[in-house]
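We begin with a single chain expressed as structure tokens, specifically the form predicted on its own.
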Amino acid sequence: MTMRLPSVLRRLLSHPRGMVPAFYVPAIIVLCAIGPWLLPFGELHVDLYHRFLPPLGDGHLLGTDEIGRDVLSRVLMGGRVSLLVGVVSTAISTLIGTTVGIVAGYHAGLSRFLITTVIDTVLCFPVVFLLLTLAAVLHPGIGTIIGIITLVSWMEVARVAQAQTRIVRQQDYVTAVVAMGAGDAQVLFREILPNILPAIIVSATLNIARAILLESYVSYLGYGIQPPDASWGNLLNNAQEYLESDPWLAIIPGAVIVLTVVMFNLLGDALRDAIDPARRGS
């Protein structure tokens, strides 16, 4: 099935579960990308005379934190980091997983067995424990977190690509291209890949939500993005000792994490239905 972008977008925007995430996801990305530059207070601006201001207090839309930094600016900067980690790690893991998956799905015998064995072996390890172990050993930072999440995420994409490739390679047009003498690279990347791309896109969209959640989890536990740099996870970490006195410091980044993850998941579901209309109602 070849994906036609205009028709997919039309079906996505008409989908009951697709309209809201289709607007929310671009909006949160744009807000986090340019929002901090438009605010009067920088994310590192300290005002000790205006600590713990509640939302809408003294020109601060979402209040201030324990040292007077603007919460809105911190949330947007944290979102910039969390979304960057989610998108970049997903892009790299999708590239790796797709390449490995289509090779494993196209070739039978020893190569498929070895690749499948590696994937199954890595998937046997609990992702969270593996992630925390690597994060605790390696130097924390954006590059490290992107690398770790990529390392624990590519297998799911490889599984999807492998399954879809095994289906597509049985099609008559692939058999005809092979009979005409096409090489493996041409068959894989010109005939098979375009036809499994819709499934890969859906998988990648869902993996962005998972990557954001993993980054938030690791940063919340102190092994991810380190202060004073903000991410949604370490904003929650910093706010946990003020849950009783100033709960909005935790509620705001927590709500943004939940909402963003849910919206990416809904977008992935809606994309799946928009790309394959036969799935609607199933």
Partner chain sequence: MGSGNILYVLRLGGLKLLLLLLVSIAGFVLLHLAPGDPLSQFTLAPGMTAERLAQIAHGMGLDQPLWRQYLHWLYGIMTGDWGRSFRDQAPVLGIIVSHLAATVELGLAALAISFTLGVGMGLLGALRSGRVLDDVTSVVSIVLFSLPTFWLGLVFIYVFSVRLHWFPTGNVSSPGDRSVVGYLRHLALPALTLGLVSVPVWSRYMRTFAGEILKQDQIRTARALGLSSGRIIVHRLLRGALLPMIPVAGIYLPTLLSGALVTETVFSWPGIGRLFLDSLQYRDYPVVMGVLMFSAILVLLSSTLAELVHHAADPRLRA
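Numbering follows the first chain given and starts at 1. Since the structure is predicted, the reported quantities are computational estimates derived from the model, not experimental observations.
The discussion below concerns the form predicted in complex with its partner chain, not included here.
Remark: of stretches 113-121, 84-92, 171-179, 184-192, the one touching its partner chain in the predicted bound form is 113-121 (heavy atom within 4.5 Å). For a residue to qualify, one of its non-hydrogen atoms must sit within 4.5 Å of its partner chain in the predicted bound form; all three of Leu221, Ile251 and Val262 qualify. Taking the partner from the other structure, its partner chain in the predicted bound form has no heavy atom within 4.5 Å of any heavy atom of Thr144. Its partner chain is not shown here, but in the predicted bound form it comes within 4.5 Å of a heavy atom of Leu134. Its partner chain in the predicted bound form comes within 4.5 Å of a heavy atom belonging to Leu266. Although the partner is absent here, Thr64 is not a contact residue: none of its heavy atoms lies within 4.5 angstroms of its partner chain in the predicted bound form. Residue in contact with its partner chain in the predicted bound form (any heavy atom within 4.5 Å), chosen from Leu56, Leu243, Ile34, Ala27: Leu243. Between its partner chain and the residues Leu197, Ile96, Val128, Ala163, the one pair within 4.5 Å by heavy atoms in the predicted bound form involves Val128.
Along 199-217, residues Leu213, Ser216, Tyr217 each place a heavy atom within 4.5 Å of its partner chain in the predicted bound form.
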